[in-house]
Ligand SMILES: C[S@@+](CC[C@H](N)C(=O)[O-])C[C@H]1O[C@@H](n2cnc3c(N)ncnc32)[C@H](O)[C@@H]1O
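What follows is one chain in structure tokens, specifically the form predicted alone.
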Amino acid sequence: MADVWTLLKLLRWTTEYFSSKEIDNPRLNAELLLAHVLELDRVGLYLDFERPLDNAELDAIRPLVKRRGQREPLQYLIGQAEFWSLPFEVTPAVLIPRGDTEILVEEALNRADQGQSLLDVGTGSGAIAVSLASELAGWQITALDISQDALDIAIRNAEKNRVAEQIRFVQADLAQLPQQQYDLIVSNPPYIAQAEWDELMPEVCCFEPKAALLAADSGLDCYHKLTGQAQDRLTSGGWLLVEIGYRQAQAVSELFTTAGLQDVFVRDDYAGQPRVVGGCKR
């Protein structure tokens, strides 16, 4: 008699398999992957533990488990990620939104007590722009990216989260920002140095878009370009806020100061690592 694969049995096997492949949070990965294929939420998964799975369900699950075991990101496999408690479509055309970037959103909201125009440079999936639009009614947001594939996804995410009317999407290089002034400019730009590439997890270096990660000049190239334009692109009292790598706080802060920005600060993330640098045009 053939083995019967119940949901619980498959969940345990998948968890052990992911653990053997050194995947972080193997149980959670297994739960989310199985829930996605079976069109259940995690509560539904737990309520259905003893249900036997049929061949069609097993055939749908097996290739995804194998791909995750090869370190393909879970978010790409299920086609979505959560950021700022909002749902976002993700594909290999965009970086996967991460919780650490919510610090950048927090800092932007802290400085949005006046003004109404915001530029998100390198919008990718649109996670930052869409999250800020959801909080800043009446603000007009421009979301810029060099990749049209990324912009197509960002547009769908704006529509999904019902903020499309607030956001203008522009295909452009951050080396030449739109010729207008903004009350806030935010960016999570490429900042990984070539020398750091081999330190990245396989999920990142093998699957996420390299152009959205890697930057020249020891990872500082994009910060040079952004700070070099800040005085012309910010309104008086406007802020430039950027996400940084954990080794870059001093170098990026110095670029802000050299560019004439005032009140330069560094904000740590909740793990205590430097995450955001900001400065104001006075």
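So that there is no doubt, residue numbering starts at 1 and follows the sequence shown. Everything numeric in this text was worked out from a predicted model, so none of it was measured.
Although it is not shown, the form predicted in complex with the named molecule is what the next lines describe.
Shown alone, this chain has one stretch from 199-207, 67-75, 160-168, 139-147 that lies within 4.5 Å of the named molecule in the model of the complex by heavy atoms: 139-147. This chain lacks the partner; the member of Ala133, Ala81, Ile153, Ala212 within 4.5 angstroms of the named molecule in the model of the complex by a non-hydrogen atom is Ala212. Taking the partner from elsewhere, Leu86 is found to have every heavy atom lying beyond 4.5 Å of the named molecule in the model of the complex. Although the partner is absent here, Ala108 sits far enough away that none of its heavy atoms falls within 4.5 Å of the named molecule in the model of the complex. Contact between Ala172 and the named molecule in the model of the complex is found at the 4.5 Å heavy atom cutoff. Contact check for Ile185: every heavy atom lies farther than 4.5 Å from the named molecule in the model of the complex.
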